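For reference, the chain that follows is the form predicted alone, supplied as structure tokens.
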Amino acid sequence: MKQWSDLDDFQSFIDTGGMVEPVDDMPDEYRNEVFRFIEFHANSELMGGLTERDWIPRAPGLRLKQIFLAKTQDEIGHAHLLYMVAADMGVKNRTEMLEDLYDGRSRFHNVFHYQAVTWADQIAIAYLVDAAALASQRSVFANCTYGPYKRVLKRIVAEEGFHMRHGEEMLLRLAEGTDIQRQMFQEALNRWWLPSVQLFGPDSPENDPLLRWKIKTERNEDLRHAYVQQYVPLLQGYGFEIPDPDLRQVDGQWLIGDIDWEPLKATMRNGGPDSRRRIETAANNWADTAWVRESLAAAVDRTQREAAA
């Protein structure tokens, strides 16, 4: 178990490439900040998986139904891996984290507070949202100083890469399809471009502790800028219009219009267009399956009593 005399000593350990493990006597400031970050990631994976699940019966064709079954399984699996990592930090256990999520006391990514209106929205989510999430996760994975999080991200980043490639495949099908299909995607792009760009969040604060402690390696605005440079020309190359009247190119760099962050702040307080339905659906599922958890807990308790007898 590693110990540090004070925050400066701990910061020196971080700055020289140190890796923190759950058994270490980490500062409370680090423990709480990293825990909140991982809990937020776990909540987002869970709510994202429920978004995919909604479309399994509506996916056009058996192959896509199978793909969305697998993708749902991936996302829920990511959530539970992350909940385990977060629980090991000793701030809250898995049940407490889930109950906080279902009671609206904790948060998840903005993109899962909006409704997927048509099948083209699911393609926009797979193409735009998964790519933005992957960019954020790679930034964390690169030099993450919390060992369990870095190790579990290796699997998550690999699987999210497959999800993004699937989004590319589906988009190409629509881009090469009928005028109606192309119009469907343009309308979906109009709905999802801004939420995808906002996924990175407002500009990072000057002294962001997640950057200082090397949980993240890039500032929000840098990740957002790199995302815009990649996806503006790609979407335009497919023949679609970016829904930003202030989009312009300056010295070879794509610049987007100013973002009004107030609607995002309301969304992140669970006040988004589809927040209530999504949280209520998840909470009802949790309540409906209480008997399973209670039965398992009783079985474990009985086994432990028999072993002790």
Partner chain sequence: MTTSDQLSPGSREWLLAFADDEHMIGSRHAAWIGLGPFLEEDLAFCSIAQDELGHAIRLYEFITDEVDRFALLREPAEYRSAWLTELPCDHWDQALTRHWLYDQAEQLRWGALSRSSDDGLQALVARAEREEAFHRQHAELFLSRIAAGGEEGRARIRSALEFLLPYAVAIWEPVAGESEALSDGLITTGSDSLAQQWEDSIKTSLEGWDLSTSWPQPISGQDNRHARTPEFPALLASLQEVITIDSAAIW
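Positions refer to the first chain, counted from 1. Just so it is clear, the model here is predicted, and its values are computed rather than measured.
Keep in mind the form predicted together with the partner chain is missing from the figure; the text below concerns it.
Remark: of stretches 188-196, 135-143, 213-221, 165-173, the one touching the partner chain in the predicted complex is 165-173 (heavy atom within 4.5 Å). Out of the listed residues 9, 294, 25, 15, 294 is the one that sits within 4.5 Å of the partner chain in the predicted complex by at least one heavy atom. In the predicted complex, the partner chain lies farther than 4.5 Å from every heavy atom of residue 257.
Within this chain, residue 62 lines the site of the partner chain in the predicted complex, having a heavy atom no more than 4.5 Å away. Contact between residue 233 and the partner chain in the predicted complex is not found at the 4.5 Å heavy atom cutoff. In the predicted complex, the partner chain sits beyond 4.5 Å of every heavy atom of residue 266. Contacts with the partner chain in the predicted complex, taken as any heavy atom within 4.5 Å, map within 29-52 to 46, 50.
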